[in-house]
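Given as structure tokens, the chain that follows is alone and in the form predicted on its own.
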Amino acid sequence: MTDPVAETGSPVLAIDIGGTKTAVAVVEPGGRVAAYDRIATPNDAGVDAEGLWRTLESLLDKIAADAGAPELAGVGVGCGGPMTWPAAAVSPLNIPAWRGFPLRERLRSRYPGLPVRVHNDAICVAVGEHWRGAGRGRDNVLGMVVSTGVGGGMVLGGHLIDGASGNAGHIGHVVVDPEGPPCVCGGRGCLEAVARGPGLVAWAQEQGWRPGRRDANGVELAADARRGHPVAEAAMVRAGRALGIAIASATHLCDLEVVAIGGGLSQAGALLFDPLEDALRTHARMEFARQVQVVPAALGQTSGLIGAAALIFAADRYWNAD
């Protein structure tokens, strides 16, 4: 469907809610970010659903003031899943304060008369990279986020694939090691259980890297890997290998052209991408699958925000609901 708001010159308010950070931006019709702000997502045990909502509202008030309170074309949102879709009652695995939280309903009440569209945060990364990033000009793209969790979204034939419930593309819950670690989803050996930042840190600590450091994180792990720490290096190989196996499976299933990977762990660069490529080329044996290109997200940490804006600006390709 072609959306009349895409024909206006008004910007979109874009929101990206994940387990690590919550970011907001005012995005212009061409995809340029005119104003941006972010905070760490409050995930302390004492934070409840309403407290988290109030924090988001404060951030929205601030970005509106910073941008000069422009007239908006709509509100586009990427949020961690799973969620009911398109109603967007959200239950992000890595944000325990929200279980069935009516995010779209709340935002519609806050912005009456404007279209409000909510999708999975990793799906928005896929949309952003297809619309204005590494997948631009290609029809078959997998976008991934590797951070607190591992998520994904797919554009096939030039259009976003939602699936039966709006949750298509959850590559983080493809099993890469049936005997692997338990996952927050309740399964075992999921890609997310192996490659997500906190899980990787926990594994490295079990192997003797910075044992007992409760505040150790993926940034430190990657930094130590660059300095040649053997356990840190092994952790990055572990994550890269798991990603390569999952991408090989997805490519054989969907005949992908490009896989764009964003999220905090993707910033580790060759430490992650080299073992990923090794595993991908080992397991992607069909000739068509060997053509896939795996690249860092070209839009960096704004991929999800730009994709959320595209739910408004390019609804004919990326929004298939009310």
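Definition used throughout: the rigid core is the maximal C-alpha set that superposes within 1.5 Å between two forms. Predicted, not measured: the structure shown is a model, and the values here were computed from it. Numbers for residues come from their place in the sequence shown, where the first is 1.
We do not show the form predicted in complex with a further copy of the same chain, though everything after this point is about it.
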| item | value |
| --- | --- |
| Segment assignment from 242-250, 221-229, 101-109, 208-216: heavy atom within 4.5 Å of a further copy of the same chain in the predicted complex | 242-250 |
| All of G163, H170 and G186 within 4.5 Å of a further copy of the same chain in the predicted complex, heavy atom check | yes |
| a further copy of the same chain contact in the predicted complex: S58, any heavy atom under 4.5 Å | no |
| Close approach of P182 to a further copy of the same chain in the predicted complex, 4.5 Å, heavy atom | no |
| Heavy atom of K62 within 4.5 Å of a further copy of the same chain in the predicted complex | no |
| Contact label in the predicted complex: R54 to a further copy of the same chain, heavy atom within 4.5 Å | no |
| Residue (of V237, A89, V175, L114) lying close to a further copy of the same chain in the predicted complex, criterion heavy atoms within 4.5 Å | V175 |
| Heavy atom within 4.5 Å of a further copy of the same chain in the predicted complex - the one residue of A69, M286, A270, A40 that qualifies | M286 |
| C-alpha of N167 off by 2 Å or more between this form and the one not shown on rigid core | no |
| C-alpha of A250 moved at least 2 Å between this form and the one not shown on rigid core | no |
